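To begin, one chain is listed below as structure tokens, in the form predicted on its own.
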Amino acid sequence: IIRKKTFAEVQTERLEQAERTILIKCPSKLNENKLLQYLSSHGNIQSHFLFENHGIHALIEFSEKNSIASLQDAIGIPSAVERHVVPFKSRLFTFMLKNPVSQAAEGTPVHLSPQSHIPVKDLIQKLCHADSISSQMYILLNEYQLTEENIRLRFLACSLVRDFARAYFPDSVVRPFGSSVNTFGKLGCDVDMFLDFHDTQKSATKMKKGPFEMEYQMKRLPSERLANQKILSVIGDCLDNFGPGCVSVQKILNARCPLVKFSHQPTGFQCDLSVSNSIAIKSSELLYIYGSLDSRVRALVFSVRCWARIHGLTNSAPGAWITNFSLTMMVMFFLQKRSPPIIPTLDQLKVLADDKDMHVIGGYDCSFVSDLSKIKPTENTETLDVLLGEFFEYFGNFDFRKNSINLRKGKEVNKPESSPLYIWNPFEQDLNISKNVNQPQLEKFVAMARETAWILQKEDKTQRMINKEPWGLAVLLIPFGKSNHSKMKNKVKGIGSETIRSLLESLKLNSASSLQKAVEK
């Protein structure tokens, strides 16, 4: 068995890879071989791919970092006839054809790597050809998850921002966290990144032997928050004024976690930059571990999140609805509650931790095992078909008035305060990660979960497959108002009334064949 890499190993490898990578805006009629042949004169190309983002772009990874310097030396500065340029030698280039007419004819059709997932209607069609709900869920996962190319592009975006940060803080690193790295990101999601001064802080604590206590003179500020605000303010201005392709830069410095939002045009990502956020990295690592332990974990999360998005339970804009992170945590909790459990609780992962895994951040215990091979595989063999139905059943009947969701313990505990939905932050134990959710949104979620559980129970899969109608997961991805005529009114009061109503509906229809169809609906 190949040992699965730890989260830290993967991050280090990807960041190192990104430093050897460049991005080229290419001419529209492109001969891919000619491009690679030219670039190879500067060094060995380790890997490359092309994608469409307002024109064709090529991501090129060299084997050696010095190949980039060699290429940079061969590249000119844009002429300042109409507009003046800000001098900055980045790793973003534009290539144009010298004599476009003769060379354009040589353009060959190139393979482009998709950077966004397929539309839902195309997905539904694909799902109808599967042979079980489990395989439907894996198809959805496959279509929505980040591709290898998209992950590389995300790390490159961080690496390009780091080039600017290093002008001020030579030892800093810019790392992605959250959905870009925790294996639960879907194509098109934002890139959360943070500026890390970890190495600077480490070296500052190593006191040399000798008669003196020695330390750097540094600017002193009354709080870490103020320091972070000042750092982000300057880096934000820097990206805004000098960063090629960085547009719509917004500084949101008074948020609980100060950040700079911007759009990175060359890669096509919306980015959020904050300063050292060690607990957020721990959350990313925890999800990375859960996602790596069993293939059902990610398949279930992606299906539930897609379902929630289609039924208006989640939204990319901030508000009173459930977030993807909260939803992911609810799935994790549900998987901890299975018998036998599919994933361990955080307390169980802490027991397996050794000395190097011990981390206390800001007074919070963030210790858990990082080596995946120390975690025993689950003995649970339930299929995804079963788990999907049971998830909706479980939360459709969960006592949200009294209970909260705690991933440390893997069990329901009394709510410490009266928020409609209470999900404990796994590390900052005094925080509720779903504090934003209001009562109407929670009720909508419960009603939808009940409706969905009911649809999955009553569905006649074989008949639907024969009639070439959407079935299984595909049915759940059609807004309910459109697929069946029953409205959502009495869902919260229970399913009984629904059954009676559909029987009455069917009695109105006279012929046996239409009666048959009514039952199948």
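Quick note: we count residues from 1 along the sequence shown, nothing fancier. Quick caveat, the model's predicted, so the values are computed rather than measured.
The following text describes the form predicted together with a small molecule, which does not appear among the structures shown.
Contact annotation for residue 321: none of its heavy atoms lies within 4.5 Å of the small molecule in the model of the complex. A residue is said to contact a partner when one of its heavy atoms sits within 4.5 Å of a partner heavy atom; residue 283 meets this definition for the small molecule in the model of the complex. Residue contact with the small molecule in the model of the complex: residue 177 places a heavy atom within 4.5 Å of it.
In the model of the complex, no heavy atom of residue 151 sits within 4.5 Å of the small molecule.
Partner proximity in the model of the complex, defined as non-hydrogen atoms within 4.5 angstroms of the small molecule, places exactly one of 187-195, 92-100, 164-172, 137-145 at the interface: 187-195. For the candidate set 345, 425, 404, 370, a heavy atom within 4.5 Å of the small molecule in the model of the complex is found for exactly one residue, namely 425.
Taking a 4.5 Å heavy atom cutoff to the small molecule in the model of the complex, the contact residue among 441, 228, 182, 159 is 182.
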